[in-house]
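Below you'll find only one chain, the form predicted alone, shown as structure tokens.
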């Protein structure tokens, strides 16, 4: 799928999260982009024209790819909607299992055999 407007992008991202709720992942990447080629940017820089950078947001679930660009003036509104969307769909995350690493580390250091400290010179 091509470049979408921000509102249809958020709608499609919502449906992507819904499709992958039970099993699957959704990857979202955000980067700065001017949407111009390198030669066009160089011409604009030599002419003294400012280059307008936009925020390029891409999302994929491995099967379908969607993307949008957001300008500086629409960024606050988009970010608020995107944050609400993420908060609503973070319920499917698994709790991380924590292993007790302190027991193994403390047991090794108590005997002092692995110490490589140099003696102080007086």
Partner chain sequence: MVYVTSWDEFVGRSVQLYKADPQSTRYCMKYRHCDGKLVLKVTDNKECLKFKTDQAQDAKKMEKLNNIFFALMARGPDVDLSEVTGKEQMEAQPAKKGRGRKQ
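Residue numbers count along the first chain shown, from 1. Note that the structure is a prediction, hence the values are computed from the model and not measured.
One more form of this protein exists, namely the form predicted together with the partner chain; it is left out here, but the text below deals with it.
With the partner left out here, if you bring back the partner chain in the model of the complex, are 57, 72 and 96 all within 4.5 Å of it by some heavy atom?
Heavy-atom distance to the partner chain in the model of the complex: all three under 4.5 Å.
Taking 4.5 angstroms as the cut-off for heavy atoms, does residue 45 touch the partner chain in the model of the complex?
Because no heavy atom of residue 45 falls inside 4.5 Å of the partner chain in the model of the complex, the answer is no.
Check residue 11 for me: does it contact the partner chain in the model of the complex (non-hydrogen atoms, 4.5 angstroms)?
Taking the distances in the model of the complex, the answer for residue 11 is no, it never comes within 4.5 Å of the partner chain.
Residue 20, heavy atom within 4.5 angstroms of the partner chain in the model of the complex:
Yes.
Hey, in the model of the complex, does residue 29 get a heavy atom within 4.5 angstroms of the partner chain?
Answer yes; at least one heavy atom of residue 29 falls within 4.5 Å of the partner chain in the model of the complex.
Since the partner is left out here, which residues of 52 to 88 would have a heavy atom within 4.5 Å of the partner chain in the model of the complex?
Counting only heavy atoms within 4.5 Å of the partner chain in the model of the complex, the contacting residues of 52 to 88 are 53, 54, 55, 57, 70, 71, 72, 75, 76, 78, 79, 82, 83, 86, 87.
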